[in-house]
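Have a look below at one chain only, the form predicted on its own, in structure tokens format.
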């Protein structure tokens, strides 16, 4: 479904019987946004045409005819999906002690590795669970996650070879253990790889990412990135904190020079105290973030090569094509327990990796029998039934289906209850405004993956605006 709700000359809006159309200033010279909050249907309208448009009976009638379809598409996206991926922690241990890690330090220092036999048992259970629900030619995803999965390298490499026909594998690593042998193994098997780097220079990275003894890992990660040049199935996560905000633009320049295909500029998760200590303000984060996005566009114009900032691209897709989004953190309920779930090194089941280590969110154990049971537990339902309409003030916000009030784990730890906003409400609003400005200027394609709309269709297309209005 493509909800490309307003090209520059085609303002559209959802104005069925009863919904409120909220006019929003997006900071654009010529355009204002109209948003129907319940369905996330929106329109960009020339400011001098706004009154004419919302009073135009033909416009209102045409939108009313599609109101049910809009609502159904949003309902399906929010409540009609089933799990197709697992974040799998094959070890509790990590060789780094990053400032903002959302996993407890004691676990990362002294935790267990999952044995090879238990890893195989767990993957067999997952294979049997997914088999009846997946389309015939699709395979579920298993992303080995952390702590640092390569601390248990032998077991997971053996599992990747054994279950290669059953799953699409990925690995999220800090990059420090990605030697030539590991890179050859993973790339030859088309395993997707995610690495982490927080700065363009060691002195920046070292502020938040380092070993337990305080040693730098910056150069080791750069070496791995250089070795991955030309491999399409990898990405880099840069966690945006108060320690690196002023360097995000240089970070984009570095990643583009290394020909990284995709990155994420992720706001720091404030689940634990370490993340809260390096939490930037929404205003500072938004300013630095948009400067970095602007620079990515300039580099695209100069070279013809895109560096996709995936978490922003997902916000952009949430606006132009909600069902084409690739990440599920910026919708409510989020993807935790709906589109994916997590397994820790003991086999315990959680709605998402963010909940590992948080009391009350364990939904069972993969070795105890019925995997389906975990989805009916209060631990999972508290996440899968968390609608943004249940959160104050999000229930009144026109942007509520573009951000989803992330993250429930973060909100729970910040406020003691997941029915609160996460840490960066203002920042997410500014992302949406920035995205709408790009659409108004016809620049959105430069920020999206090539072919993003191959499997979409336009639900509603109304061309009634005066191009010279």
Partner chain sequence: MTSERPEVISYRKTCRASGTGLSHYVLLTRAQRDGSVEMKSLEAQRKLVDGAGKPGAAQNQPAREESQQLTTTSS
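Here the structure is a predicted model, which is why all the values come from computation and not from measurement. Positions refer to the first chain, counted from 1.
There is another form of this protein, the form predicted in complex with its partner chain, and it is not shown here; the text below is about that form.
- Its partner chain is not drawn, but in the predicted bound form it has a heavy atom within 4.5 Å of residue 77.
- With a 4.5 Å cutoff on heavy atoms, residue 201 counts as touching its partner chain in the predicted bound form.
- Contact between residue 421 and its partner chain in the predicted bound form is not found at the 4.5 Å heavy atom cutoff.
- Mapping the unseen interface onto this chain, residue 137 counts among the residues with a heavy atom inside 4.5 Å of its partner chain in the predicted bound form.
- Proximity to its partner chain in the predicted bound form, defined as a heavy atom within 4.5 Å, holds among 312, 289, 380, 102 only for 102.
- The contact residue chosen from 284, 389, 253, 179 relative to its partner chain in the predicted bound form is 253, the criterion being a non-hydrogen atom within 4.5 angstroms.
- Heavy atoms within 4.5 Å of its partner chain in the predicted bound form map, among the stretches 370-378, 121-129, 157-165, 346-354, onto 346-354 alone.
- Each of 28, 320 and 329 places at least one heavy atom within 4.5 Å of its partner chain in the predicted bound form.
- Along 155-173, these residues reach a heavy atom to within 4.5 Å of its partner chain in the predicted bound form: 168, 170, 171, 172.
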